[in-house]
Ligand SMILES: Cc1cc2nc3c(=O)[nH]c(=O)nc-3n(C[C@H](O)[C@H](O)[C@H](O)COP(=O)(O)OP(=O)(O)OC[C@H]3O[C@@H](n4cnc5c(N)ncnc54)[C@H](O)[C@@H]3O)c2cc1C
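A single chain comes next, written as C-alpha cells; it is the form predicted on its own.
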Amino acid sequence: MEKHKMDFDVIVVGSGMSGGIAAKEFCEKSYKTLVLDRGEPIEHRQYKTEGMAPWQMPFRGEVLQEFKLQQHIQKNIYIYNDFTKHHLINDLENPYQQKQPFIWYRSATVGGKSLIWGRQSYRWCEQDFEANKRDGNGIDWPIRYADIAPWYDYIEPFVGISGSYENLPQLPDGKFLPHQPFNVVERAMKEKIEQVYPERKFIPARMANLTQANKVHTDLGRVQCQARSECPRGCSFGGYYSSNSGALPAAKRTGNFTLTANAQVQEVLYDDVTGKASGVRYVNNKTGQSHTVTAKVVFMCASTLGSIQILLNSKSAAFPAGIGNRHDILGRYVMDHCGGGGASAKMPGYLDDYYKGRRPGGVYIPRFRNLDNKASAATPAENSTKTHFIRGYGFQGGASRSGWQWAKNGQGIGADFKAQVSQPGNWYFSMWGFGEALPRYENQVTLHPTDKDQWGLPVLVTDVAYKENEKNMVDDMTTTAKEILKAAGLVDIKGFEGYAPPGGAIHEMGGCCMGDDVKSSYLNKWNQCHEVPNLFVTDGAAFSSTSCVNPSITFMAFTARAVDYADKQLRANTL
C-alpha cells in the first residue's frame, strides 16, 4: 500500500461529534484529510429557519401530515417541528428493519447530530469503566478513567462546557466555564432535597453552551450563548458547540481539509496484500455515481449504527462477515440509555419571582443508586430498601413558569380572558431519568440478506431489547422522582408511565466494542481494529458500556486520544 500515492493521508467517515474532532485533530497535525458525509451540505450561519418567528412559518411551526409520513420515525424526536425537520432524515428513503422496537434517529446534514443534540456534557467516572468487570456483564474496558481524563482536559476547553465544581466521585469535575444560574424555585429545591437526602446532589446541568467566550472560541467566531432556545435550528453565534461552528471551521483553516457531502460510504476497502484498509467506496446520493478514494488511515465516525452498517458491508475474502469481523463480534452489544421514568409537579408560591431569557439546560441530579456497587441510600428508611437492579441513573430536569400556551386549548373570550392569558402561570418542575442499560451479547444489529436502499446499501436490521434490570431501573426512576418532588414541597405530583424503547434516548452505543481480547472485542484500547491496524472507530460504536450520563463529550475525548495515537504510529511508520 505504501508503494503508491494515496489520495489522502486520512479519510474520516462522518462529520458529527466524533468526525468533526477527528478532522480537526488530523488537519492541525498537517495530514491531508478527507471527510465524507452522507448528509446535505450546510454552511455555518446559513441556517434557514434561525431567528424566524412562528408567524413567518407557513404553518406556524407545525408540520404537515405528508412530512410526518416521510419522517414517521423522526417525527417522534423531542425537537421535531417545522423549524427543525430539515435536519432529520427521510425515513422512507432510508429504511431499516426492527425485529424488536428500536428508534433510530438520524441526521440529514453535514455536522450530523451535533447540530441538534441536547448539549448536556458529563464526564464518565472510574466506576463506569470498572462496571463490566465488577458485575460480569459485557466486555471489560481496556482502559480506566485515568487514561481518558487528560483527554477530557484537552477537549472541554475547546468545546466550552459550563458547570459547577462539586467534587463527586461519580461525576468528576472538568475544566468548566461559569455554570448556568438556578432560578428561585431551583434554589429552594436544592436546599430542601439535599437536607432530606444528603447523597442526592442537585446541581446545575453541565452544558456545551458558552456562558463565557474565550479566545479559543472567538478565534472561530463563536460568542456567548444568547439564550434564545433555538439551538436545534443551528446557531450563527456558535453559542452552543456543534461541529459546524467548532471543529469543522478549525479543520478548514489549516488548508488540509476536504469535505464531500452527499457521500454515502458503503464499504471500507481491504488490501489482502498489506492486511490494511486501503480506502473507502462511496456513492453520491444525488447522482448515484460510485467513487473510490484511498488513504493511509480510515477513521469511522458515522454514528454508532451507521458505522456498524458500513463495516458489516465491507466484505472481502479475508473477512466475509465484515472487515475485521473474524470472531462474529461486530454488531453485538448494542446499547442505549434506558428511560421513560420520572415525574412532574407544581411548586406552590414564588409568584412574585420570574426569570429572563431562555436558559439552556436546567438541573442535574447525579447518580446516587448502587454507588460502589452497593444498594446505597441516603436515609435510614432507604437503607432497608434494596434496589432491584444493578448500575444506576441520573435525573435531568428544570423549573419554569407556565405561559400562555394553555390558552390554545382553553375556553374564554373578552378582556378578562386576555388579561389572564397575559400573566405567567404557576411554577412547575419536571425531572426524567437516564439509566445505564446492561451490555448484552444478544443485542445485535445485522444486515438484511437481500433488502437494500435505493443506493444499494444493505438495510440494517436491529434486534435490541431491554430486560428486567432496565425495567426495574425505570420503575425506580418514577418512584424516586415522586419522593424527591414531595420532599421538596411540590404538589399535584404526576409520575411518568411507560418505558422508552432502545434508541429513544438517542445515546446508542456499542457494536464495535473495545477490549483486550481479539476474540471477544473489535477494537483495542486505542480504538484501533484488532484485525486491521489502520482502521479506527471512535464514535459510540466503540463503547463497551454506556455509563448513565450523556456520552458526546466522551466520544470527542476518545477521538482526540485515538488521533494522537495514530499520529505517533504514522510518524514512526508503524501504521
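All figures in this text were calculated on a predicted structure; none of them were measured in a lab. Note that residue numbering begins at 1 and tracks the sequence as displayed.
There is another form of this protein, the form predicted together with the named molecule, and it is not shown here; the text below is about that form.
Note that among 528-536, 62-70, 30-38, 515-523, the stretch whose heavy atoms approach the named molecule to within 4.5 Å in the predicted complex is 30-38. Residue in contact with the named molecule in the predicted complex (any heavy atom within 4.5 Å), chosen from 487, 269, 79, 203: 79.
Contact with the named molecule in the predicted complex, judged by any heavy atom within 4.5 Å, is made by just one of 109, 446, 370, 325: 109. At a distance threshold of 4.5 angstroms between non-hydrogen atoms, residue 57 is out of contact with the named molecule in the predicted complex. Contact between residue 256 and the named molecule in the predicted complex is not found at the 4.5 Å heavy atom cutoff.
Although the partner is absent here, residue 117 is a contact residue: one of its heavy atoms lies within 4.5 angstroms of the named molecule in the predicted complex.
In the predicted complex, the named molecule lies farther than 4.5 Å from every heavy atom of residue 245.
Residues from 495-524 that approach the named molecule in the predicted complex with a non-hydrogen atom closer than or equal to 4.5 Å are 506, 507, in the order they occur in the chain.
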